[in-house]
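Shown here is one chain on its own, the form predicted on its own, set out as structure tokens.
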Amino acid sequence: MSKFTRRNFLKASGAAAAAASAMSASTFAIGGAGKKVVVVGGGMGGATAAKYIRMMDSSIEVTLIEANKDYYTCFMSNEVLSGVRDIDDIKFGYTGLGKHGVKVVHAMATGIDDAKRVVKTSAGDFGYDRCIVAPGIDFKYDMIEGYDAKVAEDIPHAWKAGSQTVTLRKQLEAMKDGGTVCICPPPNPFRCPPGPYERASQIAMYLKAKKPKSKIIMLDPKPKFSKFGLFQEGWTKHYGYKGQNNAGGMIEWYGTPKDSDDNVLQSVDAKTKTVVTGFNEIKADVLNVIPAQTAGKIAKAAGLTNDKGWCPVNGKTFESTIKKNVHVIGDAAIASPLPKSGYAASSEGKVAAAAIVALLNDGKAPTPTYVNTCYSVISEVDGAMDGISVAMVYAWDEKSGKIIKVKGSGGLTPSGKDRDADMRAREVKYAHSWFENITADTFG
């Protein structure tokens, strides 16, 4: 980890991507008629898988079932809250997939008959030889008294980017200077582990410029979080952070020790915008509640989830260990140590695509590699640009039958005495460049 450099990471991740492409061309014969794949869900994982199957074998008929006509990326959606981006900057359609020969059907998937190999939708039934389910996440509203899907329209979680992102932005704009923003992150596991803390950073950046008397209180059910030290270092530098569980500064973060319920969210009073935890009671001017999460609804309806609400898979092919010929990718899949991130979903989509093309051509699924990087922007004001990242390459280990981290392949942005202001500024540029590249790769 200490020898990690961006150049080495890019070499490794580039090799992983090249390997995935090489697999499709060299390990099995392409061709044959009548092969059908139905992809349920058009997010980063589903859209990538649909496109790459067609790129690897144009003889396979690919149908993508997606209820929404536009997709809003969760990554970079926090920049909408700070005003760096507009909501349309994170909106993408499916025209590009159509150009690759993917049939896009805007309908709601309601079930999967794995015996008959049929996906049931509001637009009819679609037969398949292999099915990919990329359902994203759903929320465990019942864990919080007084909070449900209807209340979330006024007290948004904004953890599925789109209309709620806009609502939260408008609430920040309407808040008086000196107001309190309260963010309640979810318990593990959840989509985009660094996301709530980048959100606090982006909102703080907006408040510092427009409403400097205001503050952000985070009530976290966890004792620590992704990029823990890097975020706290950035908050101290830019927003007057006073340390864990301490008041003062624009951002106050309160964690929860192991086996405690100190900041585990118990109830929400929507009328007064008050939240109650095991230890705290906070009345906010703007309240952002992010509930505990589970696999998207279709995964449960299709019988793909375990007793914890997530989908167990074979990490080599992402085929469900519960239903044959059905593959689950993205946030819904249990693919540890891969995180639940947009980049991981994209990587999983390519791995699943290569496996399915091989299997449909009577071949053997190739041994995959996977890649993830995650950028977070703490500040992007001229003269105070501060971005951080974590990166890792993963591989399938045949001996253990598990996904493993490739030793020495990744790491964190340097901090402390190794902190470099110029590098931190470049990280912001890298983040924006990554966004343009991955969205083009997925939807272009």
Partner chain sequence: MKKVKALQAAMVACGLALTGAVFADGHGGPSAEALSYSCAGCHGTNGLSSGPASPTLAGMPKSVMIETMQGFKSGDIPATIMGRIAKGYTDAEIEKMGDFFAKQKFMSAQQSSDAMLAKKGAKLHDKYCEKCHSEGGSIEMAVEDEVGVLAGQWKPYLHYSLNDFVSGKRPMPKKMKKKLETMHKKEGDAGIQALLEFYAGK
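Residue numbers count along the first chain shown, from 1. Here the structure is a predicted model, which is why all the values come from computation and not from measurement.
Omitted here: the form predicted in complex with the partner chain. The next part is about that form.
*Asks:* Please tell me whether any heavy atom belonging to residue 59 falls inside 4.5 Å of a heavy atom of the partner chain, as the geometry stands in the model of the complex.
*Replies:* The answer is yes: residue 59 has a heavy atom within 4.5 Å of the partner chain.
*Asks:* In the model of the complex, does residue 199 come within 4.5 Å of the partner chain, counting heavy atoms only?
*Replies:* Because no heavy atom of residue 199 falls inside 4.5 Å of the partner chain in the model of the complex, the answer is no.
*Asks:* Answer yes if any heavy atom of residue 393 is within 4.5 Å of a heavy atom of the partner chain in the model of the complex; otherwise answer no.
*Replies:* Flag for residue 393 set to yes.
*Asks:* Can you work out whether residue 407 and the partner chain are in contact in the model of the complex, taking contact to mean some heavy atom pair no more than 4.5 Å apart?
*Replies:* Taking the distances in the model of the complex, the answer for residue 407 is yes, it comes within 4.5 Å of the partner chain.
*Asks:* So, 226, 262 and 290: all three within 4.5 Å of the partner chain in the model of the complex by heavy atoms, or not?
*Replies:* Spot residues vs the partner chain: no contact at all.
*Asks:* Only one of these stretches, 360 to 368, 268 to 276, 210 to 218, 254 to 262, has heavy atoms within 4.5 Å of the partner chain in the model of the complex; which one is it?
*Replies:* Residues of 360 to 368 come within 4.5 Å of the partner.
*Asks:* Relative to the partner chain in the model of the complex, which residues of 425 to 442 have a heavy atom no more than 4.5 Å away?
*Replies:* Heavy-atom contacts to the partner chain in the model of the complex: 426, 427, 429, 430, 432, 433, 434, 436, 437, 438, 440, 441.
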